[in-house]
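Starting off, we have a lone chain in the form predicted on its own, written out as structure tokens.
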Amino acid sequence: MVGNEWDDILYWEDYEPFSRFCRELDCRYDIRDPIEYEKRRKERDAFYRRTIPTTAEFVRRFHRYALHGKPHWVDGHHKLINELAEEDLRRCYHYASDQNGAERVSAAEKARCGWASQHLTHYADKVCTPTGSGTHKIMEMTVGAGVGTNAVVRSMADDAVYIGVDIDFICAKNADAIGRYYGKRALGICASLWHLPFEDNLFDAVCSHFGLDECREIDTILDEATRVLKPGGKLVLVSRHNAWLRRHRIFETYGIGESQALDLMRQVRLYADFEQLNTLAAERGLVTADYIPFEKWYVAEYRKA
């Protein structure tokens, strides 16, 4: 799958040309290689500046999306996730393999003992501690590289069940690989967080490790998270204090400061700091159970009434 929350906002009007460009980049660069990743990033930044040459055009695309936009898979084929190419299917065998499991766990363990050492234990403990009797069912919103997934799967009980949801087919397979590594019941599925393919009141814990920082339509995501969460179940989130921390570089490229940038991101329902999340959670009957702040991010726990 191609694209992310940022690209969809900027290019939802002309998604196909941008999608082709991203596929070309994916063929040329191996994002697992830091040098290759940096080359890919610079080439994509250059594409931004060619296609969005002025600050006025950059801002216009935000306003256009805020008024008329929506995730491009909502009213079409993406609900079925059938844009997978043959190459994606071939690659998935590697990403679900024992080899990738060992690679993902090795990288995630370095993070757990390094930059993520303060918060990951809190995150995993909150997610994995059962809220009732029976099988503890966990659903993680976005798998990504698997740092949060590794923390949860390595900590969960042997009889617990983990499902990781990611719009990126390859990222979803990282969950399979991590589960295989630990011998736990873990599965990654490719689906949209706006249309979770689960029945109501199914999971004991729904969680996200910086996943909301890579999504938009936060209110819709929380609607779905609340719907699939059991009464008495918990929603556990790790997120940045401030959306500016993640995307300041591109705003600065267009001469846009923090205040204007945050306003633009709020307009397109992108990101949510703790204050915003508290308001949205309360509107959905979620009660704040805990809040642990760190320098740049926080762990928050909510309970479904």
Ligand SMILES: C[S@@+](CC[C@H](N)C(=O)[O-])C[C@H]1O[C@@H](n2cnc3c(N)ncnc32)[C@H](O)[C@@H]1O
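For clarity, a rigid core is taken as the largest C-alpha set superposing within 1.5 Å between two forms. Predicted model only: the values in this text are computed from it and were never measured. Throughout, we count residues from 1 along the sequence that is shown.
Same protein, other form: the form predicted together with the named molecule, not shown, and the subject of what follows.
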- is_contact(Thr220, the named molecule) in the predicted complex, heavy atom dist at most 4.5 Å: no
- in the predicted complex, does Gly146 have a heavy atom within 4.5 Å of the named molecule? yes
- Any of the heavy atoms of Cys215 lying within 4.5 Å of the named molecule in the predicted complex? yes
- Message: So in the predicted complex, is the named molecule close enough to Asp204 to count as touching (4.5 Å, heavy atoms)?
- Response: no
- Item | Which of 185-193, 228-236, 131-139, 95-103 lines the interface with the named molecule in the predicted complex (heavy atom within 4.5 Å) | 185-193
- Item | Position in contact with the named molecule when the complex is considered in the predicted complex, options Ala177, Val127, Val153, Ile167, heavy atoms within 4.5 Å | Ile167
- Determine whether the C-alpha of Arg247 shifts by 2 Å or more between this form and the one not shown once the rigid core is superposed. yes
